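This document starts with one chain, in the form predicted on its own, laid out as structure tokens.
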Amino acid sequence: MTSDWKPAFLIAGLLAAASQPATADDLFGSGKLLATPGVIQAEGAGGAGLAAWATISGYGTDREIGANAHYTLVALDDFTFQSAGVTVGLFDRVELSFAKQWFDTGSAGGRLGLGDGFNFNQDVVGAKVRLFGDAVYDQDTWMPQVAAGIMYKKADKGDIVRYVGAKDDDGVDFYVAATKILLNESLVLSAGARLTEANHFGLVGFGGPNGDHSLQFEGSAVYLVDEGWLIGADYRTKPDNLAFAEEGNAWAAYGVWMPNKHISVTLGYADLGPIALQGRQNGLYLSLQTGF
């Protein structure tokens, strides 16, 4: 264990913070422990690569505001996915996020009759609120931190996604996440349930002949190897609404380097399941993040 994660250090820091009145200069701060907010997942919410956590993004405490900007790249066998966005955490209670996503079909677009390099794009606007519990400070109980979130997603190719069977080009995801940080074990565990009708995360519209809203699972396990170095894995189930092509579940395994609270680099491997009759799609996962 490193000193950043020792309970004695944690308690001392909490008492010191409580003894000082908040001022305007303290509004934007980085009072949380390193790595405890997680990173930014592909849809813009605080968490891990594929899964939203119950933690609030940024290093701001309940007296501070935190914020992050991120860029994510997933280079698959036949496609390329990119996401960029910003996330703001308000007083460790509310999180607001926006992400822009691009899905480049490459040469597969030609095989699908769309044209080489055809892009499906999507905007995702999200909000999350912490309901109860504290993932860091509640070390004497198994009670996790629990949060509820919502994501509004808008795909930009409405005519095409409807042509392939989607019912709509926009939709809403609702999710609940429970996250527990075990400081003595250097471990973060998170699990969530998501009510969604998104096809391929929403990039290919919402709903279809095989169904619409369904309850899906997402979860993460992350281990602190050493100060600033983490390894983890995510798993996420997805609906299979479209008749023309099967959609499968997704998973990712990765390492994270956090030299400080302002920078993180995530590098790993992602498998997003079968996509558009091109077989299972997997490849490099890279995410860069900066903030406070």
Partner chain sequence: MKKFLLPVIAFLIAALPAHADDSLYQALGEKAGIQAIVQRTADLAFVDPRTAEQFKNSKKDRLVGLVTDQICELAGGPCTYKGLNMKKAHIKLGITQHEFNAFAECLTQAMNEAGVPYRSQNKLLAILAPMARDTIER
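Positions refer to the first chain, counted from 1. If you're wondering where the values come from, they're calculated on a predicted model, not measured in any experiment.
Same protein, other form: the form predicted together with its partner chain, not shown, and the subject of what follows.
- Contact annotation: T61 falls within 4.5 Å of its partner chain in the model of the complex, judged by heavy atom distances.
- In the model of the complex, no heavy atom of D240 sits within 4.5 Å of its partner chain.
- Not displayed here, its partner chain is kept clear of D159 by more than 4.5 Å at the level of heavy atoms in the model of the complex.
- Its partner chain is not drawn, but in the model of the complex it has no heavy atom within 4.5 Å of A245.
- With the partner removed from view, the residue among T80, N210, S186, S214 that has a non-hydrogen atom within 4.5 Å of its partner chain in the model of the complex turns out to be S186.
- Here the chain stands alone, but in the model of the complex its contact with its partner chain, taken as any heavy atom within 4.5 Å, falls in 130-138 among 159-167, 94-102, 130-138, 69-77.
- In the model of the complex, the residues of 191-228 lying within 4.5 Å of its partner chain by at least one heavy atom are, in order, Y223, L224, V225, D226, E227.
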